[in-house]
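In C-alpha cells, one chain follows: the form predicted alone.
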C-alpha cells in the first residue's frame, strides 16, 4: 500500500501538505494534525534550480530545508578556495545541522529541487516536545554517519571501478528505496566532474569506468546522464 497517498483527501491535513509525496517517510510523518497545522503556518515550499545554493558554509542557520524532490550536494571549502563534495542528500532528508548556529558546510541543489523551508525556532520547538520526531531526525543523522564511514572505506580501499559502481548504487538506492527487481532508471544528479571530485578520480577515469559498466551490460547510458541499471545484483557485486 502507498501510504504517501493515504491522507491526500483528509480534511485534517493542511492544504500545504496534501501534495507532498514524501511526508509520511520524512520528519512530518511523526507529527499529529495540530503539529502539522502549526508547521504549515510557518513553512513555505521553495523550488531551486540545479546549481542554486540552499545554505552557505559558515552562514547563520535560521531555517531548515526538508527535501521533497531532487538531490542536494554537500561540500566543504578549503582556505585556498578548493571545494570537496562530502555528501549527497535525497528526499525526504532534512538539510541543516540541528541546533547549530552556523552551517558547517555548503548545501547546493545538485538537481532541480523542491524543499519545504522550516524556520529554525519552529522546528526546534516541535523537536523538544515530540520524542518521535526527535527519534526520526536522530535516525537520519545516524544513517548519514554510517554512510560517511562506509564512504571512507570506498575512498580509501576500493578500486576505481568499485568506486563508480558504489556511487551509482548509492544514487539508485536513495532515489527509489522501494524499487524491486533488477532494473532502476534515474538521471545522474551530478556532473562527471563532480563525480570525479567526490570519488577522488579523474574525469577520464570516471568516463572509462562508466563505459566499462555499459559494455558489461550492467547499465545503459543515454544523453550522458540518463542511467538505466540493467542488472542491480551485478551492480551491487561490482561495488564490492
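Quantities reported herein were computed from a predicted structural model and do not represent experimental measurements. Numbering follows the first chain given and starts at 1.
The same protein also has a form predicted together with the DNA, omitted here; what follows describes it.
- The partner is not drawn, yet in the predicted complex one stretch among 60-68, 168-176, 40-48, 204-212 has residues with heavy atoms inside 4.5 Å of the DNA: 204-212.
- The listed set 127, 94, 85, 160 contains one residue whose heavy atoms approach the DNA in the predicted complex to within 4.5 Å, identified as 160.
- A single residue from the set 200, 56, 33, 29 has any heavy atom within 4.5 angstroms of the DNA in the predicted complex; that residue is 200.
- With a 4.5 Å cutoff on heavy atoms, residue 225 counts as touching the DNA in the predicted complex.
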